[in-house]
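Listed next as structure tokens is one chain, alone, in the form predicted on its own.
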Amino acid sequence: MDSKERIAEGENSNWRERKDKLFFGIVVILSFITISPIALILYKLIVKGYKQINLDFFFKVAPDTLQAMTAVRNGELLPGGIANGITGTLLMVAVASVIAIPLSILIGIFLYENQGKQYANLIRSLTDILQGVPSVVLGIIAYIWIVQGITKGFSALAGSVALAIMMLPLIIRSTEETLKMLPISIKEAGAALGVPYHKIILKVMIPSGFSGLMTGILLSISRVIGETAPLMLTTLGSTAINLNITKPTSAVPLQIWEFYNNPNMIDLVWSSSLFLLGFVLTLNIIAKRISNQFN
């Protein structure tokens, strides 16, 4: 190789290095632009919301307008908290999970076992369509089915049904995709040993895909826990702690909306939003840890 070829090769190498650095810099800049809104939102919530976070915030109900107005005029922290919203949210999410999780897993197993069949393809298509339906539409459906048809009034049950419908698509698809990733040899080994079909599913397939199933469940809960529109049409809200699923109850998203419409409770808007964001972030971290641990 003569000197000209070596010089040309060196120039090409330098040009490739400059292109790599340029591309890396562009990726870093675009990544920063992408995460900057999230960072600004977190900063704003923390700065505005941390003042109201105390024991009363978790164990007392929201103050009335007079109490809030008095506290604002005196420059004090708002009395009370969002205990009624926290208990209502946990109640409805628990009931929705009881409804959605078993049904979704069974449907996901059915889709996995009947891949390519016309009826399974129809269910899969309907699941994808359901995932794109606006939450307010699901709230209207729950209003017609439960509020008007069963409880004859707003109730936590109606809100739970609306949230359960929203949870179905994500758990169904995560169940199906998780089972697809499992080696077929696991299923064949159980069948070769003479294990009944239902036991192969319950004691072999589901435990083997536990991480994927649990991740889908937690992510579906994270999605519905911040929904407001369907709850406005189904649960209405309550100023007291209510654990009766046939009666109206509150939820943290509903309380945020109510606080927003009261200028004296703006501080509780920030604190409630910070709590809700932290709760959802915790669920996502748990889902990630479970996925990594069991994989």
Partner chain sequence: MNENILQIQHPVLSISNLMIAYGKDKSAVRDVTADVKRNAITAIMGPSGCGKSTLLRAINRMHELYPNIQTTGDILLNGESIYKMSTTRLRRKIGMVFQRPNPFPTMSIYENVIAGYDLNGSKLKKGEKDAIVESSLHDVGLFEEVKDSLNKKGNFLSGGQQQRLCIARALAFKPEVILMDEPTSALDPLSTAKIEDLLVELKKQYTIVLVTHNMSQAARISDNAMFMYLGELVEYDKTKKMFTNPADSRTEGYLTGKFG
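Keep in mind that this is a model prediction, so the values were computed, not measured. Numbering follows the first chain given and starts at 1.
Missing here is the form predicted in complex with its partner chain; even so, the following discussion is about that form.
- Of the residues 123, 71, 103, 186, just one reaches its partner chain in the predicted bound form with a heavy atom at 4.5 Å or closer; this is 186.
- Checked against its partner chain in the predicted bound form, the residues 109, 90, 219, 204 give one hit for a heavy atom within 4.5 Å, which is 204.
- With a 4.5 Å cutoff on heavy atoms, residue 129 does not count as touching its partner chain in the predicted bound form; it lies far away.
- Within 4.5 Å of any heavy atom of its partner chain in the predicted bound form lies no heavy atom of residue 79.
- Its partner chain is not shown here, but in the predicted bound form it comes within 4.5 Å of a heavy atom of residue 194.
- Proximity of residue 199 to its partner chain in the predicted bound form falls within the 4.5 Å heavy atom cutoff.
- Considering its partner chain in the predicted bound form, the lone stretch of 82 to 90, 134 to 142, 161 to 169, 204 to 212 in range is 204 to 212 [heavy atom distance within 4.5 Å].
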